[in-house]
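As a starting point, one isolated chain is supplied in structure tokens, in the form predicted on its own.
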């Protein structure tokens, strides 16, 4: 039995080639619209990642695992103690969400800062790249400006269970292809 022999694909079999092409283009437009919205948010917020999900409990009680954090990155506004920053460490793929606990200005005017998770006992120097003791503006992805509680749990579940992610994406794609309107 071929995959297109299942009853769920009856709707696709009834479509002519023009209708199938229309549905595929419709799906492509949805995907490209999502990408344009993401790029637009990047321009408006000045952040390479305008939305991040808190992946651990290191920022509790301020933020919990699964909270969706909204970011901006205004380079003219200096980083201050107490700011929630999202930063990337060289050699690590996943950005870290922590609070600035110390700011240091060098003689040349460069701002360096130290971070720590609210729930952690020690500062983040152990997380930084070897030989790095302070973060600079080049490490910053953005600063937290707001959050939506627990909405990011969907992302965490999809990353923890890849089969769930592919199933949901496949069902969404199938729905777009089958739905005629």
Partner chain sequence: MHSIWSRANSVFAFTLTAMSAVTFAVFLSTIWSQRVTDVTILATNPRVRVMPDYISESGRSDHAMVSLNIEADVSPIFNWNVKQLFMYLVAEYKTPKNTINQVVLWDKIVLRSERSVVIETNAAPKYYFIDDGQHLRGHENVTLYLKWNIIPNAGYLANAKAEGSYQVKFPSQYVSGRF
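Residue numbers count along the first chain shown, from 1. The term rigid core refers to the most C-alpha atoms you can superpose between the two forms while keeping them within 1.5 Å. Keep in mind that what you see is a predicted model, and the values were worked out from it rather than measured.
Below: the form predicted in complex with the partner chain, not depicted.
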Can you confirm whether 89, 127 and 137, the three residues that make up this candidate site, all sit within 4.5 Å of the partner chain in the model of the complex, judged by heavy atoms?
no
So in the model of the complex, does residue 38 come within 4.5 Å of the partner chain, heavy atom to heavy atom?
no
Might residue 75 be said to contact the partner chain in the model of the complex, defining contact as any heavy atom within 4.5 Å?
no
Partner contact for residue 144 in the model of the complex: the partner chain, 4.5 angstroms, heavy atom:
yes
Might residue 112 be said to contact the partner chain in the model of the complex, defining contact as any heavy atom within 4.5 Å?
yes
For a quick check, can you give me the residues of 68 to 86 that have a heavy atom within 4.5 Å of the partner chain in the model of the complex?
69, 80, 81, 82, 83, 84
Look at residue 106 and decide if its Cα position differs by 2 Å or more between this form and the one not shown after superposing on the rigid core.
yes
Work out whether the Cα atoms of residue 107 and residue 77 come closer together or move farther apart in the model of the complex than they are in this form, the change being 3 angstroms or more.
closer
